[in-house]
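Two separate entries follow, structure 1 and structure 2, each one form of the same protein chain as structure tokens.
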Structure 1
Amino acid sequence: MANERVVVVGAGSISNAWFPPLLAEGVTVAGVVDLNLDNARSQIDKYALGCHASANLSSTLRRTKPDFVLDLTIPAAHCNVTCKALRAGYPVIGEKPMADSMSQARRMVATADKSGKLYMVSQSRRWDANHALTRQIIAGGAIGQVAAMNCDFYIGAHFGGFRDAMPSPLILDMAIHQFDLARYLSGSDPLAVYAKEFNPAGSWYAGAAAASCIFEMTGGVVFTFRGSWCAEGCHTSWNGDWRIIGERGTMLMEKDQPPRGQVVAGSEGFHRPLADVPVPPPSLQFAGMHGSLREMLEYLRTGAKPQTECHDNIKSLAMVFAAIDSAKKGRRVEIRA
């Protein structure tokens, strides 16, 4: 069990996904910081944390001296909260997306470098048994070199609230998951994108709730994303439905079912003979936020760098803002993290 202590910043609804794994790992919550003290006190009582509620991060850090900080604030506050914690000398794990602009994200990475403290982003879809299995199969060479990846994401999501008013709700608030998964599954990084954002007939969003994006990736991989947050009926998975095409075969992930695939098993015929790809049993023990928390704890104990530390994760965020930029300009845009 852990001996580490954490200060949690942000006591909104997302904190309900974090307090259980923190408690399961034996992490001591030394303080909960929120501009709304009632929210902080409510979560402290709900999870019997027995710690202090505060609206001031700096004073809480001075008083508690935690081992790390967990940033669960809204994206617009991530840069300020994370940089303040890093400058004070504390490693940070934060919710996605890293920031609501590339300039802020770069400032956060620079602050991590200057402070010498780790900053990682919890990109929770990486800690999913089906995604981990698919990555394992692809990395093992079962389908050969990856050539193309397609992801379809179609959900009719009636959130209400701020998403209904966002200029780019799908790409900015959701597609970071699929864009990061494309990097995770293929092991490739983004080079350029051509994107089209639009708001379909019947949409209840003010901004562009649908998009089609074509990404050029390293290794010659082409990743295509098609999606909508106002597509009623025949929903895909919230993770998206995926087709990963290699030189020897194809892997599918659909409807959150275990991955399946086929590879060429002969050299004759108009359609070559095919064989199913062997899929081992899942081995991932800790999913979602619990998985990312475990990587942070492993870093604190051994120094092992988490897979979503800021220097890596900013590449996924760059895909988001490059896609939005491409849609605005109506042309291909090169991606620079």
Structure 2
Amino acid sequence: MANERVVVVGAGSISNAWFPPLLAEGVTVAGVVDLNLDNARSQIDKYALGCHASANLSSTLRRTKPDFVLDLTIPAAHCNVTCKALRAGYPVIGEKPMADSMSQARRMVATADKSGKLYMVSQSRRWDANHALTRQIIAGGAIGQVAAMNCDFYIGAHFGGFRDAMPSPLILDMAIHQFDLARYLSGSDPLAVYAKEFNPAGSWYAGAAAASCIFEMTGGVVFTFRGSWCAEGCHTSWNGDWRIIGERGTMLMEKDQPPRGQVVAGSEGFHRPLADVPVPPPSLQFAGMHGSLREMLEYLRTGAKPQTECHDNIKSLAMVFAAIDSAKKGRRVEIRA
């Protein structure tokens, strides 16, 4: 069991996905900080944490001296909360998206550098059995070099709350998952994007709740994302439905089913003979937030760098802001982290 102690900042809805793995790992919650003290108190009661609720991060850190800080606040607060914790000398694991602007994200990376403390972003969908299997199959060379990837994401999501008022709810708060997955699955990094962002007729969002984006990636990979958060009926999975096309074959991930694929198995015929791609049994042990928490604990114990450490994760965020910029300018833009 863990000896580590954590201060959790932000006790909103996503904290319900974090307290169970923290408790399962034996991490001691030393304090819960929320500007809305009632939220902090009710989560402390719900999970029988037996710690103090506070609205003041600095004083809580001084009092509790945790091993790390977990930032579960809204995107607009991530930079302030995370930088405060880093400057006070604490490593941070924070919810996606890293920040709600690239300048804030760069400030967070610079603060991690200056303080010498680790900052990792939890991109929970990297720790998903089907995604891990698909990456393993692709990295093993089964379909050859990846040439193109498509992801479709269509959900009618009535949240209420901060997302309804955001300028770019789909791209910033949701598509960050799929953009990061495109990097994770293909092992390629973004170079440029052309995007159209829009708010469809009938939308209940103030900002653009739909988008189509074409990314150019390293290795010649073209990644196309089409999505909407106000598409009623015939929903895709929350991970999106994926088609990944390589030199010799194709992998599909749809409706949260295990990946399946076909590769060329002969050299004659209009359609070449095809064989199913062998899919090994899933090996991922800890899913979602639990998986990213395990990487943070591993870092604290061994120094092993988490895969979504901020210097890497800012490349996924750069895809988000370049797509928004491209949509505003109506042209292709280059992507710089």
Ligand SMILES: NC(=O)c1ccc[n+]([C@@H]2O[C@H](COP(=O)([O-])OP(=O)(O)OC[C@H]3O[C@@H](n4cnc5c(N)ncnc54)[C@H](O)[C@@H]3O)[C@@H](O)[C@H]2O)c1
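Computed from a predicted structure; not experimentally measured. Every residue number counts along structure 1's sequence, beginning with 1. Take the two forms, superpose them, and find the largest set of C-alpha atoms that agree within 1.5 Å; that set is the rigid core.
Looking at both structures, it is structure 1 that matches the form predicted on its own.
Relative to the superposed core, residue 204 undergoes a Cα shift of 2 Å or more between the two structures.
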